[in-house]
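One chain is shown next in structure tokens, namely the form predicted on its own.
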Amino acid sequence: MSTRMFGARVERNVDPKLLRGEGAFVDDIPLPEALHVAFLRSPHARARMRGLDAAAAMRHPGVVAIYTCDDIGALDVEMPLLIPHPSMTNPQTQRPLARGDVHYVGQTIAMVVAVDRYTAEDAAAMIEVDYDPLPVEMDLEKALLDGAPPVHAAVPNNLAAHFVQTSGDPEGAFRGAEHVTRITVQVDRSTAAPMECRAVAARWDAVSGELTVWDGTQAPISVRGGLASVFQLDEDKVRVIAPDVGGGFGQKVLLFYPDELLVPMAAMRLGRPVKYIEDRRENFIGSSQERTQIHTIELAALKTGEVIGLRDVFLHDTGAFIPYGIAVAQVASTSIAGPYRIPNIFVEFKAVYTPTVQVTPYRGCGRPQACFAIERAMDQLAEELGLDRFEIRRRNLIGENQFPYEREGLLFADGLKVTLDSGQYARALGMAAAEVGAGDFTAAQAKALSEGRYLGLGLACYVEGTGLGPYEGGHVKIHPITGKVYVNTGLSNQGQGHDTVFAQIVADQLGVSPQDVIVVEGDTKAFDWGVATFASRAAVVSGNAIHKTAITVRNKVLQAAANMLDVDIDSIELRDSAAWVKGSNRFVPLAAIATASNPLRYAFNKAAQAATQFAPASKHDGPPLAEGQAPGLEATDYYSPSQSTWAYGVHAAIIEVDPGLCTVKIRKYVCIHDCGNMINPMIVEGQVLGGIAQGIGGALYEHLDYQPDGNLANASLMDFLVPYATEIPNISILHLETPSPLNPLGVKGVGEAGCIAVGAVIASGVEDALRSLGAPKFHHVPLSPDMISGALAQAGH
């Protein structure tokens, strides 16, 4: 028997290439005679453009073309509203190049195409624009008030969307409550800051009428469909390739950014390849961001600590436009009850326009905000009722025998019911308590305090809806020459290790090494049905599609091998890239089976001779291919989930705060995580660790500092703080594996899990550490030294 690959710690196939510097990112694509793009961007958060003069810039040596909104023809329209929703009464999306008004600092106004980037940037700086600045309101709550300066003249009170969801009887629950706790919390705006900024290159072949676009996108198939529609080309004439991509985290799933339309347009008009490589400042002021939400949450409870009702009203900052609909806020609204058995829920949010970069999902997508709100509220409820923080959670967790647990009336971001599918929540909480040393912590905390050290224990639970539809597909083919297995799916990879986990799934079915499975994705010529990489869905949706397809190919292999070896199918086993007769040394390689499965007229090698018409095994009593039969060993299949799968976990940490320096150190960090069956535990741990590091950034450092005039003060990695490796502690990850009953592999998503609970854990720990000093609560992240200093000052220290 071969070693089972599913569940094994297989090293990532792609890493050697990347470590040797052999990756091929968009900027590495050789494009002779390529032209380069730079954009003129708005320096104002709100302004009316009274005139634009590009004459001097056009005369600058090396400039080939300059485009304004008047020069782009049919592209001068508002870009697509990707996810419409009836709650949006005034959906506004951006034009590729501003017409009339500008709505945030960084909005694209003109595109310069030149022989190199330096020339293009110099020319962009020479374009004269006559602005009439308009007033702005940066405060989210004030932006909703009557008379607030509008981001869009036609949108009163800057209200982009208003949505209410109800489960059970929340009013009745609050009437019957024995205790109500209420807090207001805030999570600030941040950005994904991927290592590779966004990039687009395009080449137009006028002879064949084919447009090829290299795009560091998470959604190449969707980009292909959009470009074909915009340029009125057959989809077969548009090829979109997402080559190696240096991180995405949601920022690269939006389509379209202006450059994704304008660069192909310029390539088609100018007849030369055109390239745009976003720089870091442009990434800060031009590529989408996420996070700012202000929640006021109330819990209706009994004196026992049982929560019987939840009411959450929050504001969601959508930036100047809302191209991705209400997805972020809707995910938050449906994650607000966490892993708790709360039967009655009222959740209401308003999405508010602000004169800032548009908001679309960033790793976590509303879940960190929801987790911060419910977990901070649970801590306060425990304190008010005199209960231990672990205990109040234990009393409210959904029990193992209560799955599937439906939150009737709530619809998730996929439009389907919120139904948590499986889990061992109480066991995870117990593991976290044991691993972090909760039982001994009170004594340790007291001892530290006697030594002048302030230790606190932080705790938070979370859930993560993953594996959204609508569908993905998989294609599996055994190559007749090499016997290697080729796998295609419609996703793109930004570092998650798709190539390895998909290879593991296939390897088990076909008896090959994962290294002999070649996964090609991110190329619409390789596979052109599917959606995108987002929302922790790759393993669930594409993984199961590939699994189903591999089973079909396996059955073809068994049937063909049984014929070739003249035995029953049940006597065949697949291992070592061959089909073996069990208990014997008789075998036939997969390559030979694949060759023999393709009736040939011409023998191009020795193996092919067995598939020609006069070979001994050839049929002579009918067509070489029976009706309904296909040549070769390959198949294509799809998987469409009936609903999302729900991963979950518990984080706990020991935090030390220095009240003098107002600094925070994480002395111990524990993560209990359950994403169902793990395909590759090493990759799961990498995802979780990366997410926790990103969560630590959001908890303590990362904050976009928009000034009152709408300018971003820290639009560089010199000023926007991100944690170094030295700020990331050793993290203890313990796994639970509760299979999802919803899909054949029993898997759930993992990509966003790590970052969700960290803010709540850190705030909980800091609050506990400073409790003896009487410091106020910490309900706002990132938690800066200034906040700690202010809290201590407020407490008289």
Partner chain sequence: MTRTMKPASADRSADATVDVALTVNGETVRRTVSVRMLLSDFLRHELGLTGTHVGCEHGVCGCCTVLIDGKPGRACLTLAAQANGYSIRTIESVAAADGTLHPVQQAFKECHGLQCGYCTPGMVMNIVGRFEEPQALDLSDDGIRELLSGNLCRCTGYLNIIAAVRRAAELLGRT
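The structure displayed is predicted, hence computed values, not measured ones. Numbering follows the first chain given and starts at 1.
Keep in mind that the form predicted together with the partner chain is not shown, yet the notes after this line are about it.
Although the partner chain is omitted here, in the predicted bound form none of V164, S229 and V531 has a heavy atom within 4.5 Å of it. When you look in the predicted bound form, the only residue of T549, T356, Q687, N158 with a non-hydrogen atom within 4.5 Å of the partner chain is Q687. Scanning S287, T466, Q494, T595 against the partner chain in the predicted bound form with a 4.5 Å heavy atom cut-off leaves one residue, Q494.
Taking the partner from elsewhere, P61 is found to have a heavy atom lying within 4.5 Å of the partner chain in the predicted bound form. Among residues of the shown chain, M682 is one whose heavy atoms approach the partner chain to within 4.5 Å in the predicted bound form. Contact check for P739: every heavy atom lies farther than 4.5 Å from the partner chain in the predicted bound form. Although the partner is absent here, T119 lies within 4.5 Å of the partner chain in the predicted bound form, judged by heavy atoms. Picking from 725 to 733, 66 to 74, 757 to 765, 46 to 54 the stretch near the partner chain in the predicted bound form, with a 4.5 Å limit on heavy atoms, gives 725 to 733. Residues M268, R269, L270, G271, R272, K275, D279, R280 are the members of 255 to 289 with a non-hydrogen atom no more than 4.5 angstroms from the partner chain in the predicted bound form.
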